Ligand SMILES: CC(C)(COP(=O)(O)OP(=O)(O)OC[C@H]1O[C@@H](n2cnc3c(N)ncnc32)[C@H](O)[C@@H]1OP(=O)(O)O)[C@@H](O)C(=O)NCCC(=O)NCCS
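Below, in structure tokens: the form predicted on its own, a single chain.
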Amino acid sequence: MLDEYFIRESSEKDIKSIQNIYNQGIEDKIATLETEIKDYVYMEDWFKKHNGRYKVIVAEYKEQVVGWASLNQYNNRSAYDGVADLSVYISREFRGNGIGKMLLVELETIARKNGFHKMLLFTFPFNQLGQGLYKRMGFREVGVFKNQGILDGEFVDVMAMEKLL
């Protein structure tokens, strides 16, 4: 079934699909500390900031965007120009089907091509599905930030993971 998925660089026509999938991640509280649903204007602004070395890619299934991933600026100091933060979000009904791996493989190719020497991400320690994928893809746990944020009125930890390219 994986051969039915197509990975490509995103375009402005994908913003609404990216928004919907991101909002699912916010609602499900498994991938982000964000708590407010994002509107189209917010996502359009976010999308416009992903140019040059910072790319957004999407996974399509039967011409429907079912997942997306992005390289994000980690820090605006020039000392960190070689480090990219990443995001991966999969539509609820398509999670666990290998799409995340496909997106990560392509994202790593883009990161290398664009001169990054490291990719990093932040995940919840309880997101076992995501951590399993990241570990299989060569990411290592760097550490856990205790009480890094609040979800549903409770402090949550955030795990940092990295992969040297």
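Everything numeric here is computed off the predicted structure, so don't read it as measured data. Sequential numbering from 1, following the sequence displayed.
Keep in mind the form predicted together with the ligand is missing from the figure; the text below concerns it.
Q: Work out which of the listed stretches, 37-45, 112-120, 52-60, 99-107, brings a heavy atom within 4.5 angstroms of the ligand in the model of the complex.
A: Result of the contact check: 99-107.
Q: My question is simply whether residue 140 lines the interface with the ligand in the model of the complex - judged by any non-hydrogen atom within 4.5 Å.
A: Judged by the heavy-atom cut-off of 4.5 Å, residue 140 is well away from the ligand in the model of the complex.
Q: Contact between residue 132 and the ligand in the model of the complex at 4.5 Å, heavy atoms?
A: Yes, residue 132 is a contact residue.
Q: According to a 4.5 angstroms non-hydrogen atom cut-off, is residue 30 in contact with the ligand in the model of the complex?
A: Because a heavy atom of residue 30 falls inside 4.5 Å of the ligand in the model of the complex, the answer is yes.
Q: Would you please decide whether residue 71 lies within 4.5 angstroms of the ligand in the model of the complex, comparing each non-hydrogen atom pair?
A: The answer is no: residue 71 has no heavy atom within 4.5 Å of the ligand.
Q: Within 4.5 Å of the ligand in the model of the complex: all of 8, 15 and 64, by heavy atom?
A: Judged in the model of the complex, none of 8, 15 and 64 sits within 4.5 Å of the ligand.
Q: What residues, if any, in 36-65 have a non-hydrogen atom within 4.5 angstroms of the ligand in the model of the complex?
A: Residues within 4.5 Å: none in this stretch.
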